[in-house]
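First comes one chain, alone, set out as structure tokens in the form predicted alone.
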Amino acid sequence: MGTFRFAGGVAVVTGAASGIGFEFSRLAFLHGMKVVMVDVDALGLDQAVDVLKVPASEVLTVQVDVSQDDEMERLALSVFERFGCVSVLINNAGVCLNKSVWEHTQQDWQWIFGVNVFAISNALRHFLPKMLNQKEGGHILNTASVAGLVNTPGLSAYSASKHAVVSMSETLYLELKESRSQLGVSVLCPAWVQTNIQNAQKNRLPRYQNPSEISSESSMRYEAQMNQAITHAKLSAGDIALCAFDAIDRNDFYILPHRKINPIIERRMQDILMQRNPFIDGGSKQ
């Protein structure tokens, strides 16, 4: 598994207009790759390309609502028509929301799972069959979070979506191994990172808007805690992208850049095995 090439290859990156997705795109260019930068934020994509200063022949920017299956199908068709292969598929688009679990609206759940989970299933459904047939192999990276391994108050929908990403990635790894595929798989689980994920609502499409917005004291407290954690995060988006590219090169499956979170993950596993009540970690998630 995991035979692919950076130099001369093609990378597809979702959520590429900012944050970790932008840094993935930058590193891919530095590795000599052509890059398909995908985001719902068209203006952000244009600004990202201006910052990167790469030749037009080396980049394709596509505005896509990754939660929509038909848009991802068109994306896959256009990418393979133009480039003929995908060396690295990076499913990175993600959004987050801070609320108590009972305050999440149906639209909240649909938005978070649409972007964080259905986007990956859409990408795998339309890219993976074509990647399986290419001679040069390839690699798939799914961005999850430490929130996919442990849980913290105020992040119920986000954590549930990231647990789904981890599970989907583990299952995909086993299925590809069983079929003796040359495709590698990794799941990225960072903790807090210096990104703009707390501002994700600015790109929340009308179909996912709330009919009513609840701003309870607890939800506002959770949001304030998240903003503070991101502001004081020790690792940048560039640090995470570099760690992930090194892991892809080694064909690692689990990628946990924040090693200090390991005792919390271990404690959760012990709680499950010992049938103990969950503890509040005060945590730090991506």
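Start at 1 with the first residue shown and count on from there. Since this is a predicted model, take the numbers as computed values, not measurements.
Form predicted in complex with a small molecule: not shown, discussed below.
Just one listed stretch, out of 73-81, 100-108, 170-178, 184-192, contacts the small molecule in the predicted bound form at the 4.5 Å heavy atom level, and that stretch is 184-192. The closest heavy atom approach of Ile20 to the small molecule in the predicted bound form falls within 4.5 Å. In the predicted bound form, at least one heavy atom of Asp65 sits within 4.5 Å of a heavy atom of the small molecule. Taking non-hydrogen atoms only, Leu256 never approaches the small molecule to within 4.5 angstroms in the predicted bound form. At a distance threshold of 4.5 angstroms between non-hydrogen atoms, Gly138 is out of contact with the small molecule in the predicted bound form. Proximity to the small molecule in the predicted bound form, taken as a non-hydrogen atom within 4.5 angstroms, holds for one residue of Met131, Ala93, Leu149, Leu89, which is Ala93.
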